Structure formats: C-alpha cells, structure tokens
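Same chain, two versions here, written out as structure tokens and called structure 1 and structure 2.
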Structure 1
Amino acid sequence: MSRKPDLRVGMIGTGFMGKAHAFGFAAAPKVFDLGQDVVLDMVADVTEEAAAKAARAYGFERATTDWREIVADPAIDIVSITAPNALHKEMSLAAIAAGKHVYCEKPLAPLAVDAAEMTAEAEAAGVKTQVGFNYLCNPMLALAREMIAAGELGEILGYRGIHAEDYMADPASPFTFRHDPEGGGALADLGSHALATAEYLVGPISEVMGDCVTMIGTRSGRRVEVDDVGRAFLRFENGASGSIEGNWISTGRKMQHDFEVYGTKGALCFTQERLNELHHFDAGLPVGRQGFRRIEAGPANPPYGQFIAAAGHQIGFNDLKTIEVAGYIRAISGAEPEPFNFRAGLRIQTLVETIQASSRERFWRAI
C-alpha cells in the first residue's frame, strides 16, 4: 500500500504526560502498520533548558520556549497539549484556528462551558481532536464492551465502577493546584475515568445523584473545597442502574480503576490493578461448572497481538497510550472515527459537573 506523508507533531509541555505522548507517537508507527510515519518535530517548555532537554530525551528535532511558535508553524500537523489544565483552552483554540489537529490531555478545561467552546470550534474547523482517556484503550475493555453489546450478559441489571488512588491520602501532603476549586477534585480527576468507562460499557447515563465530600479540610494551612471522594448513583438510558466513585484518599490503592457489570445471563469483573485480565461469569454453563473465569489478554483481543504474539505475556500502561495514539493517527488519516474526541471529553465534564451540582443540591439531576 502507498505510504501517506509523515505526520509532524508539535508538543507543548514536557512533564510526565509529555513523556507519555512523545513515547506514544514514537511507538505507535512501529507497533502498528499505520501506513504513515510520525515525526517528532518541535517541543515547547517554559525554559530553554527544559525544552532542549526534552527534545534530546524524547527525540524532537526542534525546541522552543514559545508554544505559539508550534501553533504557527505550517510544517506541524498535530499539536499535543500536556501543559497545565488552565492553559488547555487558549492553546487548543489557537491550534484549532491554525488548522491543526489537537490532542489535549484531560480535562479539556476546568469548566464544561469552556470545553463546549473548544468542541464547537474544533468541529467547525474540521480538525481531528483527541482527549487522553487511555484506560478505554485496553483490549480487555474492548472485549467487555463487545460481550455486552453482543448480549452475552443478557439485559444489564447493575453496574459498579470506581477509580481510587491514594496520592492525596496523607493529610500532611501539601496544597496543590489540584485543591483549587478550578482543579476539580477527585470526581473530576479520577471519577471522570470511572464515568468514561461506565458509558463506554453500558451506554449513556441519563440521571445522577452525587455525593462529593471533602474529608481533609485543610492542607498546608489552607482550606480545601474540592472533594476527596465523589460518589454517584447512576441511571442509564437502557434502564440499568449503578454507581461510581472517584477517590484520591484510598490509602494503598495505586490504580483501582475497577468495574463490575451484572446482567441476566452473566457478569464481568475487572480491575486495572491487573489490567490484562477480565473475569467473566457465564450463567449458561451447567450448574457445578460455573464460576468467574479469568480471561487473559492475548492476540484474540486486538490490538494486543500488535505488541506480543503470545497470550498472557501482558501489555503495560504505556502500551495503552500507544494504542490511543494509533487510533488518533488512523482517525486523522480518515480510516476510523476519532476514538475519544473533544465532544467525548465535553460529555465527561458535563457528567462531572452535573454530579457536583446534584451533590450540592442533595437531589437527583438529569443529564
């Protein structure tokens, strides 16, 4: 097949997520047969030293301290934004205005109203967008979704989702930007992933009842107003009910992005702590042979086979990012729809804000 011209990437921000983006762009064309290459062209950070270091470390050809240079450069096709959340909107709008495809880390912006503006502009400009929700890129989640959609679980009766970590569990840990009301809190930061997974698997949520709680009220002598725990009861459009929780004070939990789905014919359980396993209960098996079956990821679960030829060897967290980037590149080339575009990101923020409002009002809210 004929090769498409290279895609040239400009990246703003060089922290943890910057490394992940750079790595994903480097790996995706090697792991997948995308029909076109990706060139890491220019990287921006606030100091010359940081930018130069990142360029060298991650393999960008050029470095800059002015992110607008990336946006303005006609050679660049994709702008990857891993800068602080408060800057996502300005950067995205500038990049969209310049006709670039935009890959923005979550959340799109602190407020849904801003995310809506970004979405509208991107759609008007016809550029391809992507928001970083890489847990959804797990082949085992694809399997779960496929099994649910195919009716293997029967009618869905119940759902429980959670995303819990412990990076804010120590009351002595300092006040950070994440504790600003604009930072969003645990529901926005982690519960958003639980919500994305819930809708990915079971479909649209129609109504919520929120319970957002600040458990550690003071950090570094400052009052904290954002939630440490954000819970919600859920109603889905298809009639199912369920719950989710986002929690960043769960001592001992490093990656508890879990779900359980129960249907009339079967059930599925998953924990991101063992991201290569999906546990399936099939009520159709004979009594006495039933049980939760630990399905290990393998080539039968695309795109696992792009990484490893044999089942059970396990992909890792960074491989999920590679899958995410590959999907985005295929979307840019027109081969597939965008895996998780700005509109999808906006949807999650709308869910988060509705749950937060419901919690304040102590009453249910429709989406």
Structure 2
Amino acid sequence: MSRKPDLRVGMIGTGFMGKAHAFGFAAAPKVFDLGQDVVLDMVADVTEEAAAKAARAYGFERATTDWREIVADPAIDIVSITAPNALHKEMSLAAIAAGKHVYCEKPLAPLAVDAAEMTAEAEAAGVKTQVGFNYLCNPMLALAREMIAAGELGEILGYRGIHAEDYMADPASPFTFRHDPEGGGALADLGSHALATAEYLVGPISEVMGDCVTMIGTRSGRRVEVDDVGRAFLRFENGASGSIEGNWISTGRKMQHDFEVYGTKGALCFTQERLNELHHFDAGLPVGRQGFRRIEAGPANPPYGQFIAAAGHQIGFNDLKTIEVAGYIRAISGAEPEPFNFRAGLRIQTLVETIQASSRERFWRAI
C-alpha cells in the first residue's frame, strides 16, 4: 500500500507545551502505523536564539522569529500553537485562512465568543482542528468510560473531579500572562481539564453553580483579577450531580488530576499522579469481600501495548500527547473523526464562562 505524502509541521512557541507537541509529532508515526510521516519543518519563538535553540533540540529543519512565516509558507500543512492564550485567536484564524490544519493548546481562546468565531471559520474552511486535552487520551480513562457506559457502576449518582497544582502557590512568584484577564485564571487553565474529564465520563453538564476566588491579590506590584481557585457544583443531563475544582495554589500538589464516580452498583476513582491505575469498587460483592480493587494498565488497554509490551511498565504524560497527536493525524487523513476539535474546545470555554458568571451572580446557571 502506498504511503500518503508527509505532513509538515510548523510550531509556534517553544516552552513546556511546545516541547510536548514536538515530542508527540516526532513519536506518533513511530509508535502508530499512520500511513504517513510527519516532518518537523519550522519553529517560531520571539528571539532568534530561542527559536534556533528549539530547532536544534526538537529536530526542526528551520527557525524563525515571525510566526506569520509559518502560516504563509505553502510547505506547512499543520500549524501547532503553544503560544500564550491571548494569541491563540489571531494565530489560529490566520492559519485557517491560509488553509492549514490547526492544533491549538487549551484554552482555545480567552472568551467563548472568540472560540466560537475560530470554530466557525475552521468548519467553513474544512480544515481539521485539535485542542490539547491529552489527559483524555489515557487508556485508563477510556476503560472508565467503557465501564460506565456498560452499566458496571449502575445508575450514576455522583461525580467529583479536581485538577490542582502548586505552581502559583508562592505569593512572591511573578505576574505572568496567566494572571492577565485574557490568560483566564485557574478555572480556565486547570479547571478546564476537570470539566473535560467530567463530560467525557458522565456526559453533558446541564447546570452549574460557580465559586471563583482570588487568594493572592497582587503579584509583581500588579493587581490580579483572575481566580486562583475555581470551583463549581454540577448537574448532569443524566440526573447525576457533582463538583469540580481548578486550583493552582495547592501547596505540594504537582499533578492532581483526579476523579471519583459513584453509582448504584459500584464506584471508580483515579489520580493522574498514578496514571496507570484505575480503582474499582464492586458493590455486588459480599460484605467482608468489598473494597477498591486496583486495575493496572497493560496491553489489554489500548493503545498501551503500542508503547510497552508488558503490564506494569507504565506510560507517561508525553505518551498521552503522542496518542493525541496520532488521533489528530488520523483525522487529517480522513481515517476517523477529530478527537477533540475546536467545537469541543468551544464547549469547554462555554462551561468555564458560565461558571465564572454564576460565581459573580451567586446563582445556578443553565448551560
């Protein structure tokens, strides 16, 4: 069978997520049989030194200080955006207008109205889009979703989700783009992951009651207007209720992306800090035999086996990004639907803004 032409990638931004994107694009064709190769073509950053350093480190053929060169270059097929949140809209719209496929890190845009415009333009242009929510690519989350859908937990009654880290816990840490209102705050930055996981597992959220709190009011002498902690009570369309939290001042927490699902026949619990495990409680077992049982990820939980041939050896964060990229490449080739496109990203931003509005008004709000 003949292979499809190579896909050439231009990436904007070279920080933490830029490195993760570069790793995903480099690894995906090696881990999965995608029928085509991916070429890391051009990378952009704000200085020549940073761009050149990233090109050498990540394996890009070219470097530039002007992201518009990537968008305008006819050789580029995919524009990967890992720049600050406030720049996502301008960069995405320019790439879409140039007929490029766009892979944008979350949040898709600071405002839902902007995300809606980006979604409409992408759909009208017929380009394929992806928003970075790679925690959803964990085989253990796929298993949890399968168990819930199969009725193994019975009727779902309750859900609790949290994404907590401590990278903003120090009051002396500087003001960053994340503290700007266009940066979004903790609910948009971390709570968006908790919301995406909640809907992935339990289904659409129908109502929210939000509580967004700024605990550190000034940084670097500047007033902080965004939340350090964003929480919400949830009501789901299927009748379940629950809560989520996004928190970037949780001292000591590095990656607490956790969930608990409670049903009439059992329960599930998970923590990203042990992302190769899912714990299941079977209420049908006799008293004295009950308890949470650990399910350990292995080749029987696809696509784990694409990475490692034996259970217990574990996959990691960058492997989740590789799975995400592989799904996106298959979508570009037409082999399957987009895993988490701009419309899905718009949904999450709509949830975030509804929670923020609910917090201001101190009322329940329908989605």
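Here, a residue number simply tells you its place in the sequence of structure 1, counted from 1. None of these values were measured; they are calculated from a predicted model. Rigid core: the largest C-alpha set superposing within 1.5 Å between the two forms.
Between the two chain copies, the one drawn from the form predicted together with another copy of the chain is structure 1. Fitting the two forms on the rigid core leaves the C-alpha of R222 displaced by at least 2 angstroms between structure 1 and structure 2.
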